[in-house]
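Take a look at this single chain in structure tokens; it is the form predicted on its own.
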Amino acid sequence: MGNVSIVVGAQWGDEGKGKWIDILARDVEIVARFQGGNNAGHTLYVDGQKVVLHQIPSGIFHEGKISALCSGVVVNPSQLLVEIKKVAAFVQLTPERLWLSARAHVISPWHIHLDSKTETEAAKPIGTTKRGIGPTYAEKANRTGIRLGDYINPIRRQAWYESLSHTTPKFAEHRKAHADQWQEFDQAAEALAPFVVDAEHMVRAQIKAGKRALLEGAQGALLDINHGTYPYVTSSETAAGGAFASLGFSPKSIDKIYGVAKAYVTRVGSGAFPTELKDKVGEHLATLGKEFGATTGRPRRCGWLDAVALRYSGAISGYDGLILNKMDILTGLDEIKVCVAYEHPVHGRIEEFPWDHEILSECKPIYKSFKGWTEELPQGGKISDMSANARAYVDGVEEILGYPVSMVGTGVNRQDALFR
């Protein structure tokens, strides 16, 4: 049996992964983030206080745990420093406890400018967070970006400035016009330098030595650059396979892979959403679930649980179990629905998630209904402790998906968790 677990989002992001990584981190020595940037927002409640992490792995609040940002992550240096200072009230991060991969690519003010410009001027905006994520990954693929290990070296950083100025005249103009941003960017390099290491080698060594590791994904599997609802996706590999590429280790080390899903589903930004509810039920879910982006504050679109999408998500990541989060938000509804298939005007009944975004956008949901419940869900204990109708919903979801629901979230705090 392996000593590495992976936790990823099973929907379009915002599933509540941070809480569950925080819970599962109790039983590991290392928590490593394998993709995404500060477009992620993982919300945790530590001693009753709300904390939103954007780049630091969600297991950092447990004493003695090591956190790592690996090569598949893109790092905003200035914002990472802000985040390190923000969590100082709870934990002092030292180079011994926070490892930043020298291979991770760096988000600069130029990338943020490009992202905002592209999104603002697009005829069909993707709905990005305008945090510079896409342009940074694009430069990584083009082999023209700058990695953390080079960024903290003043000579190499200056060489990158000169190279980009030579190929992109407007880059030099931007540096001159926004000198304050670039000064902050330069200053962050010195502050982060002690944290920058060969993180992948160090994590692999720990795994080889028998230490337990938890690998944290950001966003959700349906936003994966390869397997998601392209082009309305993020720019990295959000499915479980992205962890192997980012850390460079053997799949033989894997013990468990968990997908985190809400007991309903939300989506931020543009893109097809077959089960979206534009009615009072949708408003109810949004209001009670506080469905606003942790990073941007944007309202999330809400809908019934989509089992077609979840079966697909499970197929591309290989979940050993699903963590069904925010079950408490469904309490009080008379009827709860789950989408079991789609109806398409040309292709008829569809039970497999289509690769073609246009086809997906034309699909209507085919639902199975479940009776709601009014009883409060237990804050801790076992899934079997829930009321009969709540258990029937979980059992029904499990049967429709064809893989187990291993854990259920019943509130925002660490203790609001039910297990098999």
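Please read all numbers here as calculations on a predicted model, not as lab measurements. All residue numbers are counted from 1 along the displayed sequence.
Only in words, not in the display: the form predicted together with inosinic acid, which the text now covers.
Indicate whether K130 is a 4.5 Å heavy atom neighbour of inosinic acid in the predicted complex.
It does: once inosinic acid is placed as it appears in the predicted complex, K130 has a heavy atom within 4.5 Å of it.
Given that the partner is absent here, does A68 sit within 4.5 Å of inosinic acid in the predicted complex, heavy atoms only?
Looking in the predicted complex, residue contacts with inosinic acid do not include A68, since no heavy atom lies within 4.5 Å.
Even though inosinic acid is not shown here, does G13 get within 4.5 Å of it in the predicted complex, heavy atoms only?
Yes, G13 sits close enough to inosinic acid in the predicted complex that at least one of its heavy atoms falls within 4.5 Å.
Evaluate R298 for contact with inosinic acid in the predicted complex, applying a 4.5 angstroms cut-off between non-hydrogen atoms, and reply yes or no.
Flag for R298 set to yes.
Picking from 22 to 30, 375 to 383, 350 to 358, 35 to 43, which part of the chain touches inosinic acid in the predicted complex when contact means heavy atoms within 4.5 Å?
One stretch meets the cut-off, namely 35 to 43.
Contacting member of G149, G269, G321, G289, with respect to inosinic acid in the predicted complex [4.5 Å, heavy atom]:
None of the others qualify; the residue that does is G269.
To verify the annotation, which of these, L285, L223, V308, L100, has a non-hydrogen atom within 4.5 Å of inosinic acid in the predicted complex?
Only one listed residue qualifies here, and that residue is L223.
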